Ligand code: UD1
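Okay, here we've got a single chain as structure tokens, the form predicted alone, with questions on binding and movement later.
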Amino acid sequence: MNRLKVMTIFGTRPEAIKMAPLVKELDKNKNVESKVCVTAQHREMLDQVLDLFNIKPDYDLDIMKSKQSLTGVTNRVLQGLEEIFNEYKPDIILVHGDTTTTFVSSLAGFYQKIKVGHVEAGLRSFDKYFPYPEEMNRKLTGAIADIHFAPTKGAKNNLLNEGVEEKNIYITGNTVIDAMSTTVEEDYRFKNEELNNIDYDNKKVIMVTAHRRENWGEGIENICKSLKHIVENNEDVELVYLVHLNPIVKDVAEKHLKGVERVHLLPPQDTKETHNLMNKSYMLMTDSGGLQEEAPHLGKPVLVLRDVTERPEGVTQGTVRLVGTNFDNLIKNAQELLTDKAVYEKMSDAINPYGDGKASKRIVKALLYYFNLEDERPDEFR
């Protein structure tokens, strides 16, 4: 083998954020021939991240369609990758996390007998419909993958319990921590002037995201009602809700929160804006997976608007708290963080269990070791 042919495949903004530092690390290695393929499962939000990190894909399936279904995404990715793999047969493909792009890319690789490396492997909620379809995407990808890059010891243990050989699991930390070292700036000025006009020094700014499928309906209703109650009963609170463009979410948010004093309803912001808003905020309320990893890195307490999480390390460490979508429980937990300094400091000072900024380096070293291009197995994140 001359140079290791590695193809990195991703299609959504969260994947792109977490794969970008790995792509950069692969590009730097003289023993690697690195190619990038994007499916564009999410077009506009993906392109924002590609521009931010100056990544130019070698292949772009451009599959996104209006009102696309999971079946449609699956078909287009599978067929598109078949053509690409016939043209360029990598030694290994790298996929990330839990999207439909992730699972289907793994399946396409399996059909061509191409090895698969799974970044952010081993996360489990143990409920196949929560989160949906992400939990099964992870499990199915894990069943196909040859190399598993687990971010934590807990994720590794999940894989061991499913019968994965220990020699094929590497604990690396999470690559999102690598990414944040380049996106967060202390004196950052937002492109969005509404964000610049918020008094972060004298207000307790709560950053909110809530859009997951399992919260559609009653869940989003309860979340928005509780947010209104929290703002109206705490004069020192300012709330920034980055509202997903899906009408199922947007209509409910506007019904309850539009025009409420000290509430800012904004569309999703690009990666750099989001990371810096997080850094300036007092706390987060979210049903996102990635924010559960990112916010603790910045010392920001997180109330997770879900009943289960595939990232239990933050709960165990005390950086995040599962609160679900019950109206009374949301208010109770938010009020505690807003009024009890000891509780707030305990959460904000807890050690981030998700990474140290060196995950991408570990993954590249693990790849070279797996393919006998390096003699020593890399040290693991602990």
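In this text the structure is predicted, and so the values were computed from the model without any measurement. Note that residue numbering follows the sequence shown and begins at 1.
Just so it is clear, the following notes concern the form predicted together with the ligand, a form of the same protein that is not shown.
Review point. Looking at H275, H118, H211, R124, which is the one with a non-hydrogen atom within 4.5 Å of the ligand in the model of the complex?
Key: Contact check passes for H211.
Review point. Which of S281, T100, T141, S226 has a heavy atom within 4.5 Å of the ligand in the model of the complex?
Key: Contact check passes for T100.
Practice item. Give a yes or no for N157: in the model of the complex, does one of its heavy atoms lie within 4.5 Å of a heavy atom belonging to the ligand? Key: Flag for N157 set to no.
Review point. Is there a non-hydrogen atom of T12 within 4.5 angstroms of a non-hydrogen atom of the ligand in the model of the complex?
Key: Result yes; T12 sits at the interface with the ligand in the model of the complex.
Exercise for review: Give a yes or no for M136: in the model of the complex, does one of its heavy atoms lie within 4.5 Å of a heavy atom belonging to the ligand?
Suggested key: No - in the model of the complex, heavy atoms of M136 and the ligand never come within 4.5 Å of each other.
Review point. Looking at the partner-bound form in the model of the complex, is K56 within 4.5 Å of the ligand by any heavy atom?
Key: No, no contact at 4.5 Å.
Practice item. Tell me, please, which stretch of 41-49, 312-320, 338-346, 25-33 lies within 4.5 angstroms of the ligand in the model of the complex when heavy atoms are compared? Key: Heavy atoms within 4.5 Å of the ligand in the model of the complex occur in 41-49.
**Study point:** Sequence-ordered residues of 47-77 touching the ligand in the model of the complex, heavy atom within 4.5 Å
**Key:** Result: M64, K65, S66, K67, Q68, L70.
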